[in-house]
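Below you'll find only one chain, the form predicted on its own, shown as C-alpha coordinates.
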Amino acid sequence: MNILAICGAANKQRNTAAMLKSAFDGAMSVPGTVGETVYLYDLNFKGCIGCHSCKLLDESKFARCAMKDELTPVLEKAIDADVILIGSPMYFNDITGETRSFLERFFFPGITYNKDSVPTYPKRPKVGWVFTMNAPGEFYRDFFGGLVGTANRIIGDSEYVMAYQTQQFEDYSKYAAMMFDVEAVKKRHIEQFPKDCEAAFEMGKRLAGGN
(Lines give C-alpha, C1' and ligand atoms only; values in the text may rest on other atoms or scores of the structure.)
Protein backbone atom coordinates (compact mmCIF):
# COMPACT_ATOMS: atom_id res chain seq x y z
CA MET A 1 0.00 0.00 0.00
CA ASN A 2 1.64 3.20 -1.25
CA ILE A 3 0.73 6.40 0.62
CA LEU A 4 1.43 9.91 -0.70
CA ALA A 5 0.70 12.98 1.42
CA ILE A 6 0.63 16.40 -0.25
CA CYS A 7 0.93 19.42 2.04
CA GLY A 8 -0.31 22.65 0.49
CA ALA A 9 0.47 24.80 3.53
CA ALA A 10 3.52 27.04 3.73
CA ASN A 11 4.12 26.49 7.44
CA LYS A 12 5.24 22.95 8.32
CA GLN A 13 4.56 23.47 12.03
CA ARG A 14 0.99 24.78 12.06
CA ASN A 15 -2.55 23.42 11.89
CA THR A 16 -2.74 22.00 8.36
CA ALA A 17 0.64 20.29 8.55
CA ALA A 18 -0.25 18.83 11.96
CA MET A 19 -3.56 17.44 10.76
CA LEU A 20 -2.04 16.06 7.56
CA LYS A 21 0.68 14.37 9.60
CA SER A 22 -2.02 12.77 11.73
CA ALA A 23 -3.73 11.44 8.60
CA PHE A 24 -0.40 10.19 7.27
CA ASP A 25 0.47 8.56 10.60
CA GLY A 26 -2.91 6.86 10.58
CA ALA A 27 -2.30 5.44 7.12
CA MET A 28 1.24 4.39 8.01
CA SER A 29 -0.01 2.57 11.11
CA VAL A 30 -1.51 -0.07 8.83
CA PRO A 31 0.95 -2.97 8.27
CA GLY A 32 2.43 -3.13 4.78
CA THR A 33 2.23 0.60 4.01
CA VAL A 34 5.04 2.76 2.69
CA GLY A 35 4.84 6.46 1.96
CA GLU A 36 6.15 9.99 2.01
CA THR A 37 5.02 13.57 2.52
CA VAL A 38 5.65 16.25 -0.11
CA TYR A 39 5.58 19.94 0.84
CA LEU A 40 4.46 21.92 -2.20
CA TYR A 41 6.00 25.18 -0.96
CA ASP A 42 9.42 23.51 -1.14
CA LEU A 43 9.03 23.00 -4.90
CA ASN A 44 9.50 25.28 -7.89
CA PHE A 45 6.54 24.72 -10.22
CA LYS A 46 3.61 26.36 -11.98
CA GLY A 47 -0.01 25.52 -12.58
CA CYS A 48 -1.50 24.22 -15.83
CA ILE A 49 -0.66 26.36 -18.89
CA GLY A 50 -3.50 24.99 -21.05
CA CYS A 51 -1.25 23.43 -23.68
CA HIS A 52 -3.57 20.38 -24.00
CA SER A 53 -0.64 18.08 -24.68
CA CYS A 54 -2.17 15.60 -22.22
CA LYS A 55 -5.14 15.19 -24.61
CA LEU A 56 -3.02 14.27 -27.65
CA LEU A 57 -3.59 10.79 -29.05
CA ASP A 58 0.08 10.01 -28.65
CA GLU A 59 1.08 7.23 -26.27
CA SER A 60 4.09 9.17 -25.00
CA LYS A 61 2.02 12.28 -24.16
CA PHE A 62 -1.55 11.15 -23.46
CA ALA A 63 -2.73 11.58 -19.84
CA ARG A 64 0.60 13.07 -18.74
CA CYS A 65 1.40 16.70 -18.00
CA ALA A 66 3.94 17.96 -20.55
CA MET A 67 5.46 20.52 -18.20
CA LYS A 68 8.78 19.46 -16.71
CA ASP A 69 9.63 20.97 -13.36
CA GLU A 70 9.93 19.98 -9.72
CA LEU A 71 6.28 18.88 -9.59
CA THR A 72 6.76 16.30 -12.37
CA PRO A 73 8.03 13.45 -10.14
CA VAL A 74 5.32 14.25 -7.58
CA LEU A 75 2.63 13.81 -10.25
CA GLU A 76 4.09 10.43 -11.20
CA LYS A 77 4.04 9.38 -7.56
CA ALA A 78 0.42 10.53 -7.25
CA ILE A 79 -0.58 8.50 -10.29
CA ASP A 80 1.06 5.42 -8.75
CA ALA A 81 -0.25 5.92 -5.20
CA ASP A 82 -2.89 3.76 -3.53
CA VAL A 83 -3.86 6.49 -1.06
CA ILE A 84 -3.40 10.22 -1.58
CA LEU A 85 -3.75 12.61 1.35
CA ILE A 86 -4.02 16.31 0.54
CA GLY A 87 -3.96 19.12 3.09
CA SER A 88 -4.60 22.83 2.63
CA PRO A 89 -5.65 25.83 4.69
CA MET A 90 -8.38 28.01 3.26
CA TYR A 91 -7.27 31.38 1.88
CA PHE A 92 -9.85 33.82 0.49
CA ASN A 93 -12.57 31.19 0.06
CA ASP A 94 -10.26 28.70 -1.65
CA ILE A 95 -7.38 26.31 -1.16
CA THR A 96 -3.86 27.73 -1.39
CA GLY A 97 -2.43 28.64 -4.78
CA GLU A 98 0.15 25.85 -4.58
CA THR A 99 -2.54 23.28 -3.83
CA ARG A 100 -4.65 24.59 -6.69
CA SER A 101 -1.71 24.46 -9.10
CA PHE A 102 -0.98 20.87 -8.08
CA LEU A 103 -4.61 19.88 -8.63
CA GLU A 104 -4.70 21.55 -12.05
CA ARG A 105 -1.69 19.55 -13.14
CA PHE A 106 -3.04 16.33 -11.56
CA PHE A 107 -6.74 16.52 -12.45
CA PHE A 108 -6.58 17.77 -16.05
CA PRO A 109 -4.56 14.90 -17.57
CA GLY A 110 -6.92 12.53 -15.77
CA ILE A 111 -9.87 13.34 -18.04
CA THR A 112 -10.61 13.56 -21.75
CA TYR A 113 -13.05 15.56 -23.82
CA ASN A 114 -14.69 12.38 -25.08
CA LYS A 115 -18.40 11.93 -24.49
CA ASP A 116 -17.90 9.05 -22.08
CA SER A 117 -15.29 11.07 -20.12
CA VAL A 118 -13.72 7.93 -18.65
CA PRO A 119 -10.84 8.73 -16.24
CA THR A 120 -7.48 8.07 -17.86
CA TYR A 121 -5.30 7.03 -14.92
CA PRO A 122 -4.72 3.28 -14.45
CA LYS A 123 -5.42 3.32 -10.69
CA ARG A 124 -8.33 4.55 -8.62
CA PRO A 125 -6.61 5.60 -5.40
CA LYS A 126 -8.51 6.62 -2.31
CA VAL A 127 -8.23 10.31 -1.53
CA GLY A 128 -8.36 11.92 1.90
CA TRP A 129 -8.54 15.69 2.30
CA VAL A 130 -7.60 17.81 5.30
CA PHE A 131 -8.83 21.40 5.45
CA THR A 132 -8.21 24.05 8.12
CA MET A 133 -9.76 27.50 8.47
CA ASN A 134 -10.52 30.20 11.01
CA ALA A 135 -14.09 30.50 9.70
CA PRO A 136 -17.10 28.55 11.02
CA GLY A 137 -17.37 24.98 9.78
CA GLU A 138 -20.47 25.43 7.62
CA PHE A 139 -18.84 28.29 5.68
CA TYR A 140 -17.05 26.04 3.19
CA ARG A 141 -19.14 22.86 3.11
CA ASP A 142 -20.45 23.47 -0.42
CA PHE A 143 -16.92 24.18 -1.65
CA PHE A 144 -15.59 20.99 -0.07
CA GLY A 145 -18.43 18.99 -1.56
CA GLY A 146 -17.63 20.28 -5.04
CA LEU A 147 -13.90 19.61 -4.74
CA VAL A 148 -14.37 16.15 -3.28
CA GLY A 149 -16.95 15.39 -5.96
CA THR A 150 -14.45 16.32 -8.68
CA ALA A 151 -11.84 14.05 -7.10
CA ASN A 152 -14.40 11.24 -6.90
CA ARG A 153 -14.97 11.49 -10.63
CA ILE A 154 -11.38 11.89 -11.84
CA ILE A 155 -9.15 10.24 -9.24
CA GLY A 156 -10.94 7.97 -6.77
CA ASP A 157 -13.28 7.75 -3.81
CA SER A 158 -12.72 10.77 -1.58
CA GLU A 159 -13.58 12.02 1.87
CA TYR A 160 -12.45 14.88 4.06
CA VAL A 161 -11.97 16.12 7.60
CA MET A 162 -11.72 19.74 8.64
CA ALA A 163 -10.68 21.90 11.54
CA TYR A 164 -12.50 25.22 11.82
CA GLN A 165 -12.23 28.32 13.97
CA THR A 166 -8.57 27.45 14.38
CA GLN A 167 -5.95 29.34 16.36
CA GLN A 168 -3.66 31.32 14.05
CA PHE A 169 -1.45 33.25 16.49
CA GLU A 170 0.15 32.58 19.84
CA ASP A 171 -0.25 36.24 20.81
CA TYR A 172 -3.22 37.91 19.10
CA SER A 173 -2.34 41.29 20.62
CA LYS A 174 0.55 41.62 18.14
CA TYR A 175 -1.74 41.43 15.10
CA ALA A 176 -4.65 43.32 13.54
CA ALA A 177 -7.04 40.56 14.55
CA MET A 178 -9.50 42.13 16.96
CA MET A 179 -12.58 40.44 15.45
CA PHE A 180 -11.80 37.17 17.23
CA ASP A 181 -12.82 36.05 20.69
CA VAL A 182 -9.25 35.10 21.55
CA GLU A 183 -10.02 33.15 24.71
CA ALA A 184 -12.68 31.12 22.92
CA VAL A 185 -10.30 30.40 20.02
CA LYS A 186 -7.54 29.27 22.38
CA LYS A 187 -9.94 27.16 24.39
CA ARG A 188 -11.19 25.50 21.21
CA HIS A 189 -7.62 24.81 20.09
CA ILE A 190 -6.88 23.05 23.35
CA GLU A 191 -10.12 21.06 23.48
CA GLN A 192 -11.12 20.48 19.86
CA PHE A 193 -7.98 20.48 17.71
CA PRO A 194 -6.65 17.21 19.20
CA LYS A 195 -10.00 15.65 18.29
CA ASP A 196 -9.67 17.01 14.74
CA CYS A 197 -6.22 15.44 14.49
CA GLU A 198 -7.62 12.16 15.79
CA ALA A 199 -10.35 12.28 13.12
CA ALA A 200 -7.62 12.81 10.51
CA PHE A 201 -5.66 9.85 11.92
CA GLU A 202 -8.70 7.61 11.70
CA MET A 203 -9.41 8.74 8.14
CA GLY A 204 -5.87 7.92 7.05
CA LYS A 205 -6.00 4.55 8.76
CA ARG A 206 -9.36 3.72 7.20
CA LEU A 207 -8.27 4.72 3.70
CA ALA A 208 -5.18 2.52 4.01
CA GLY A 209 -7.33 -0.46 4.85
CA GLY A 210 -7.16 -0.39 8.64
CA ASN A 211 -10.17 -1.08 10.82
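Computed from a prediction, not measured in an experiment: that's the story for all the values here. From 1 onward, residues are counted along the sequence shown.
Below: the form predicted in complex with a small molecule, not depicted.
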In the model of the complex, the residue from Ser158, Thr33, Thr166, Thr37 with a non-hydrogen atom within 4.5 Å of the small molecule is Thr166
Note: exactly one of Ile79, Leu103, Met133, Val127 sits with a heavy atom within 4.5 Å of the small molecule in the model of the complex, namely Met133
| query | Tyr140 near the small molecule in the model of the complex, any heavy atom under 4.5 Å? | reply | yes
- Task: Spell out, yes or no, whether the shortest heavy atom distance between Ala9 and the small molecule in the model of the complex is within 4.5 Å.
- Result: yes
Q.
So, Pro89 and the small molecule: in the model of the complex, are they within 4.5 Å at any heavy atom pair?
A. yes
Interface membership of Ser22, the small molecule in the model of the complex, 4.5 Å heavy atom rule:
no
Given 118 to 126, 92 to 100, 68 to 76, 105 to 113, the stretch touching the small molecule in the model of the complex at heavy atoms within 4.5 Å is 92 to 100
